[in-house]
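In the block that follows, a single chain appears as structure tokens, in the form predicted alone.
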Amino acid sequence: MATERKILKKESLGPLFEKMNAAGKRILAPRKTGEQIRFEPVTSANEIAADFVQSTASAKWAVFPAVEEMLSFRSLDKETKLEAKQSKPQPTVVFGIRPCDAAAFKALHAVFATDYKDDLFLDRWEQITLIGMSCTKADDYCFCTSVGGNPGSTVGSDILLTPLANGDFLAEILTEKGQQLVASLDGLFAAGGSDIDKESLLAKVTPKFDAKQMKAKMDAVFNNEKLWTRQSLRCIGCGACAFVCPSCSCFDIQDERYGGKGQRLRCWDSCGFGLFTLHTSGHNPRHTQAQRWRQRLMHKFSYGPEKYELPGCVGCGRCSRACPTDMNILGHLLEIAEEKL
């Protein structure tokens, strides 16, 4: 559908939240607790964190929870009774998500809806509306423009808001979900915005590399053990990078039993963990951290783009901000780009 531009007045932000609450929608937005900013349930616009570049963790748990029950089971005499999860996801609005994170939702959808249709994911996907917020500031960790994005990208969002100097917002209505939400809000979005120079309002993020060239270089250095070993020396395999990443989709399935009943759980996992590829025989095809670091970068910048025609990394920079040993993914990518073949 064609993009429709409107204006959301700053004084309409409070009523916007009131009406969404009244309609029974769960609202997730960035909230600040201590030094961390996370997407959590809110009921008021006053609860939203302000003046930040990026949240500490992404909002991907709204469609892909860190831990979720797939089914439960009970032992009855000599039989085991399975009970599939029946609860219907609550209609949810994710408010204030950055354009890079919105693009990551699209990447997650490609993983969970391409080869196998994952009902747990897709049920949540159908119930979610993304209201993005353009970036008016960036830091040295941001590199969205190197992987096909930009601070005002509309990819993935249903509605994208761009802050204006007077406190109002330029609203771009992008999808049918966005249209339906706007229509339900009784005129809170006003006509206007067609003459606004959106680009002048955005943060400036200079491209650092070309994604297609990076894929070709990744493939070319696959067997360069010295490179991967050198880059992985500081990696302790903690998984922080994967758990804050908006597009990582690795998971493990575990059964937990308590007496005669139990649950089957899907839990976030990481290819950076030593146990991730450990076979029952004891053999591990990726037995060194260098091999696991290579896998992470290859998945994001070669395998994923080749299979889904979407970036496996959206350039949010969270992994570098969260790394306890100061591994900077952008620095490593630039090193790979300069590696002589």
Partner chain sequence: MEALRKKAHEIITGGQVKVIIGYGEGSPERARAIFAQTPAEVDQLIFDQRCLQNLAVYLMKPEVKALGKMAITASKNVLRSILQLASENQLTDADLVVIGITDDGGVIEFPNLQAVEEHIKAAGTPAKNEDRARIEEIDKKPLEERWQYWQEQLSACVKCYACRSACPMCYCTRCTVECNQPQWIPAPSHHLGNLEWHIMRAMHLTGRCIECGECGRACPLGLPINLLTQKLAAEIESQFDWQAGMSLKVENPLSTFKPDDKENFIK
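Remember, predicted model here, so these are calculated numbers, not experimental data. Residue numbers count along the first chain shown, from 1.
Heads up, the form predicted together with the partner chain isn't pictured, but that's what we're talking about next.
Undergrad: Counting only non-hydrogen atoms and a 4.5 Å threshold, tell me whether Thr136, Asn150 and Ile336 all contact the partner chain in the predicted bound form.
TA: No residue of the spot touches the partner chain in the predicted bound form.
Undergrad: Look at the stretches 281 to 289, 44 to 52, 22 to 30, 296 to 304 and give the one with heavy atoms within 4.5 Å of the partner chain in the predicted bound form.
TA: Heavy-atom contact with the partner occurs in 281 to 289.
Undergrad: How about Leu13 - does it come within 4.5 Å of the partner chain in the predicted bound form, if we only consider non-hydrogen atoms?
TA: No - in the predicted bound form, heavy atoms of Leu13 and the partner chain never come within 4.5 Å of each other.
Undergrad: Does the 4.5 Å heavy atom contact test between Arg234 and the partner chain in the predicted bound form come out positive?
TA: So Arg234 counts as contacting the partner chain.
Undergrad: Does the partner chain get within 4.5 angstroms of any non-hydrogen atom of Val67 in the predicted bound form?
TA: Yes - in the predicted bound form, heavy atoms of Val67 and the partner chain come within 4.5 Å of each other.
Undergrad: Wondering, does Gly239 line up within 4.5 Å of the partner chain in the predicted bound form on heavy atoms?
TA: Gly239 belongs to the contact set for the partner chain.
Undergrad: By the heavy atom within 4.5 Å rule, which residue out of Phe243, Phe209, Phe73, Phe112 makes contact with the partner chain in the predicted bound form?
TA: Of the listed residues, the single hit is Phe243.
Undergrad: Going by heavy atom distances of 4.5 angstroms or less, which of Cys267, Ala220, Ala190, Leu122 would be at the interface with the partner chain in the predicted bound form?
TA: Looking at Cys267, Ala220, Ala190, Leu122 one by one, just Cys267 meets the 4.5 Å heavy-atom criterion.
Undergrad: Scan 174 to 193 and write down, in order along the chain, each residue with a heavy atom lying within 4.5 Å of the partner chain in the predicted bound form.
TA: Residues within 4.5 Å: none in this stretch.
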